[in-house]
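Read the single chain below, which is given as structure tokens and is the form predicted alone.
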Amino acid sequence: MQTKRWCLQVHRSEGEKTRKRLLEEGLLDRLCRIRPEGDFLFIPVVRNIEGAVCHECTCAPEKKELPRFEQVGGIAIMQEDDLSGAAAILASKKTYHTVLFAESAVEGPFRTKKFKVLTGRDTTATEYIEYGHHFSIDLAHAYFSARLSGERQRILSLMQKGERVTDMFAGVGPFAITLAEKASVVYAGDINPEAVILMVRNITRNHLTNVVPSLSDAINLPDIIPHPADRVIMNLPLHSLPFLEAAFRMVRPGGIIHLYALVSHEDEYVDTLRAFRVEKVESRYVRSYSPDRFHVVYDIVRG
């Protein structure tokens, strides 16, 4: 973008020395290019200083710092109800179609949030791609977090070909569909009918035949699934403890349970786990959740 700026006119032989001095003094305008003309250089400065002249320069538009948000497909989820910030986010990237504000925490047996549309399309639905897998998501009807994409890849890397996997709180299927790449079968249950509808759609669109979805309460899965699992996923960070007994009933000796939890210290669940037949437990930090709580995963080897 061509624009008029204050510049220092110096001979080419003095250009680099002058540029370094202006940089050290905080006077160099780094958004604009130095303009050569004959034997002279016009070096842009941030304000009118002694010896400066007004000259035309090529400058990049100044980037504004955006408010904090989480991206899920074409949706940006803000932490504050900020209309001007929402407009800036929507304008920052062509692929964004909606900016939302979460008006509630995750709540109820179906693990959903209430959202307010700040700007863009009046929708909570979007399409999301993660490591080549395609997902239809509706944030108002089924919980989903893109922040666990690294965890899904970590567990996939730990798996052996042909494992049997049970995902107790499968949602729209991100863990189940990711782990199906190596699993012989993935049993994926959820109590939320809307989540299961979306999961079935996502299984179909990813052309999978080894994911078995079910509308079910996780507490009943041991009586539904016919085979012991090599690996069990428990992604219900706020309320996983009541389902531990069911998880241990489903996993074979030597099998692994991945239990996600929100804790104030990493060994918070250790005493609870000792009540079960446990051979080994390792905890891993996943992400910060609030100033005094963080998200961890316990990798539990059943004894």
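The first residue of the sequence shown is number 1, and the count goes up from there. Because the structure is a prediction, the values reported are computed rather than measured.
Absent from the display: the form predicted in complex with a small molecule. The rest refers to it.
Stretch 189-197 is the answer when you ask which of 75-83, 222-230, 189-197, 156-164 has residues with heavy atoms within 4.5 Å of the small molecule in the predicted bound form. Though the partner is left out of this view, Glu103 does not reach within 4.5 Å of the small molecule in the predicted bound form, counting heavy atoms only. Taking the partner from elsewhere, Leu236 is found to have a heavy atom lying within 4.5 Å of the small molecule in the predicted bound form. Though the partner is left out of this view, Ser136 does not reach within 4.5 Å of the small molecule in the predicted bound form, counting heavy atoms only. Shown alone here, Ser216 lies within 4.5 Å of the small molecule in the predicted bound form, counting heavy atoms only.
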